[in-house]
Every structure is written in structure tokens, then in C-alpha cells.
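Given as C-alpha cells, the chain that follows is alone and in the form predicted alone.
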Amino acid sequence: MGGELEGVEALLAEARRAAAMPDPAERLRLRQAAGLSRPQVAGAVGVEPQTVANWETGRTEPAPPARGKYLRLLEGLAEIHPTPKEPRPATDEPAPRAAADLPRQPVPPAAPQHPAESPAARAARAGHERHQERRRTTSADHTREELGQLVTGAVHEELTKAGGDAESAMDKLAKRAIPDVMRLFAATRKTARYEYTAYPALPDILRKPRKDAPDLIWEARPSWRHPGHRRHPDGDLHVTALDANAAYLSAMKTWLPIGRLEHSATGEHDKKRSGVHLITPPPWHHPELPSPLGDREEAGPLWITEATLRLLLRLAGPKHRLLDPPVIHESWTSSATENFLDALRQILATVRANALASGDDVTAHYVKAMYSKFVSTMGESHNNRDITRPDWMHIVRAQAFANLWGRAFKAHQAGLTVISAMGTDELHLAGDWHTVFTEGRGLSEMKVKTDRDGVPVHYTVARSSR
């Protein structure tokens, strides 16, 4: 009986909370009166900024679990910024008479009840939304094409100045790659949904103690070799060195914090937030694969990026069960999105693909300079004064290795022997790697690594004596 009463009380509490929710106009008024942005509210209640916009326009209603947090925020703001009372207009009329002396006023008719939306009306609404989405998508594609022309236009400009000398043009394009890519990045933000902080206040762990010293974040990039990379019990093994194409460009699709990092010591991971985390990692018991932490030599706690934490949690999950979950001690995070750099990434990827298809090495070289320098200078760099996000730099680099680790695991699952994994883009495999990867220069493809003379890198691992 007690459990039934508790269930009834829970339903009543939920109904009271629903009834107490201010209307959309009041939600908007309270946020603006407090001087809060939608991303700030979204980060506080655990949703996206667009969701807050939908709540404030009445397009959607808050739903659990975010509704409880949102309601508490609105109630607190209402105490600070109560609804202003309309002033009584000044008149020369005498004081109002008592209610008993007033003539009885007619009761206004009740507002008409709107009928429930019919199936045809719902279909019309859905069709309208699909049409609007197509228009938005077409407009976005048109914008991406125009922005892509900024890249190809710069190439044409420098080739013209150099009189068609490709090497001279590539040298000039490399020197202007940073300001050009920052202008392109700024152009992609003009129609973006998310506000962000280009110069956030940084925790000490992201500050370099000296100019020539790194901060405390571990990116997990490896220089890993199989224990039998010189003599293997299954040798003789024919090994091919492979390169992952445009590793940093692919890694720009990753979960990035979009605001100032906030500290948390809950020990929990919020999938809607991103940042850096202090963890105690679990041991790695798979010598045939690189550790997802790379070549970490020191045991004990360390600061890692969002990309590395998500890789560890994925490998600890029910699909893989390759290790135990890491212990999270504390975190510096903010609300996040996986698509923050995606518009820039897509533009550069499209221009790159078109350049490769047409044999345009100058444009391909320029695009590589743009995305690689964008990633490497978005932290603290005197070469790029437009943004200071070392957390982004670490996360993108770590994501590039996480992508490489995924390819190593895929090859291992297919029966190939992983001989080494280097940095963020180099993978040495023994076996027929064509059964796993497509050869080419596309983002999802792999190409054979060459030495300084352009010779493909192949070698043999000899059989060890048992």
C-alpha cells in the first residue's frame, strides 16, 4: 500500500511542476531580464541552445529530466525579476465605490475551445516543416559552395601572381593559410546556431608553465610497436606502412566545448558536455594492440581530453569489454556539440576532394596547410591571435589518434597483425590490408606511405625462434 501511495504522490508532484511552468513569453522575459544567453541556460539544464529557443517560442514544451532544472531556474529568476505591475493611469474620477454599490457586470463568454488537430492538419504541418528544412538545406549548400570559392579563388590569385609557377604559388599560399582559414571559419559562424567563447578563462591545467613547456593535458598520441616488431613468432611477416589521409581534417568532427570550462567533481560523464578530465586509467592487457592512452609511461592519475575519455568508455562498454571503466576524479567542461567545426570541415573536404579528382596539387597543398595550421595554432600561438582554445587543440589531436586506434582495431578484428601505430596517421600492418581498407586519398581511405624518394615503405619481420 505504501508503494502505491508513493507512486500517487510522485504523479501529483509531477503534475504540480507541469502546472507551474511559465508560459513561453514569460520564459523569454525572465532569461532576458537576467541577461542570460540561450547557451548559458542550455548548459545549466543540460540541453542544446536550440531546445531553449523552442521552449521560449512555444514550439516544444520542456520534458524530464531537463524540465525540473529549467523550472527551478525560472522560479529563481522570477523571484529576482518579478513581473512588472502596470501603473494605474491617473484620472480625475472619484474613488471607486464599494463592490456592493457597483452594478453587476455581464460575465464575458468563455474563450472558444480549439478542436484537436486533425490528421490532415498534422500532415499539413509536417509537410510545411519538411519544406522549410529543404529550403534551409539548399541555402546551406549554396553558402558552402560560395565559401569554397574563397579557397579556390585564393589559389587562382596566387597562381596568377606567380605567372603559373606552382611551387612559388604554394609557398605564398602556405604563408597566408592561417589568416585565410580563420576568415573562412568566421564566415561559417555567421549563420551558426551556437555562440562560443574564443578567449575563455582557462584553468591552470591548460596553461603552459613556460613557453617551451607543455601544459598538463595528455593527448595519447603513440609511438607504439608490437612486442614482436623485430622478430615475430608468426613471421616471416610482410609489412606495409600506411597513412591515414587528412587525419586532422577528419578529427575536426568531435565533441568540443563551446563555452567557458566549468569545474565538476561529481565523477560522472555527461555526454552533452565536453572538456578535459582527471582520471585514473585502468590497466591495458592487450599487447597486440596499442593502448588507447598511447605511450603513457607514468602510472596513476592524468588529465585527458574528451576524445580520449569517450574512447576509453566505449572500449569499456558492452560492445568491446576490453578494459574497466576509468575512474573520473574531476572535470573541466562546458556544453558541447559534435558539429561545431563541421561546416568548416565539409568545405575544406569538398575542395580537397575536387582538387584531388582534377589533379590540382596546388589547391590540395593549400587545403592541407589550412586545416593542419588551424588545428596546431588554435591554442596559444603567436601565429594566430584570433582564437585561444588549447582545449580544442588537444581534443582534435586526441580525436585523430582515436580514429587511428579504431582503424588498428578494425584491422586486428579482420585477422591482420598490427605492427606499429605512430602519431595520428601512420599504421603498419602485416597481411592483405586491401581486405579491410580501400586504397586511395579519400578521407575514409588509406594510402601506402612513401619515403623521401617516393618509394613505398614495405619491410619484413623475421620469424623468431620459439
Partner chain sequence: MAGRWMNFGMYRAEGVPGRDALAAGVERMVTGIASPADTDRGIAARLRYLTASHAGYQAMERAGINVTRRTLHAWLAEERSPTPANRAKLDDAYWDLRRHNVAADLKRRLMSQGGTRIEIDPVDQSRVERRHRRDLQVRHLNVRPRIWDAAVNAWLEEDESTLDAIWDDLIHDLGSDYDSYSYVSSIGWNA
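Keep in mind the model is a prediction, meaning the values are calculated, not measured. Numbering follows the first chain given and starts at 1.
Below, we turn to the form predicted in complex with its partner chain, even though it does not appear here.
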Even though the partner isn't displayed, in the model of the complex is Gly294 close enough to its partner chain, meaning a heavy atom within 4.5 Å? no
Taking its partner chain as it sits in the model of the complex, is Trp224 in contact with it (heavy atom to heavy atom, 4.5 Å or less)? no
Please check if His382 has a heavy atom lying within 4.5 Å of any heavy atom of its partner chain in the model of the complex. yes
Interface membership of Arg260, its partner chain in the model of the complex, 4.5 Å heavy atom rule: yes
So if I measure heavy atom distances to its partner chain in the model of the complex, which of the stretches 158 to 166, 363 to 371, 192 to 200, 281 to 289 falls within 4.5 Å? 192 to 200
Just one of Asp171, Glu330, Asp270, Asp386 has a heavy atom within 4.5 Å of its partner chain in the model of the complex. Which one? Asp386
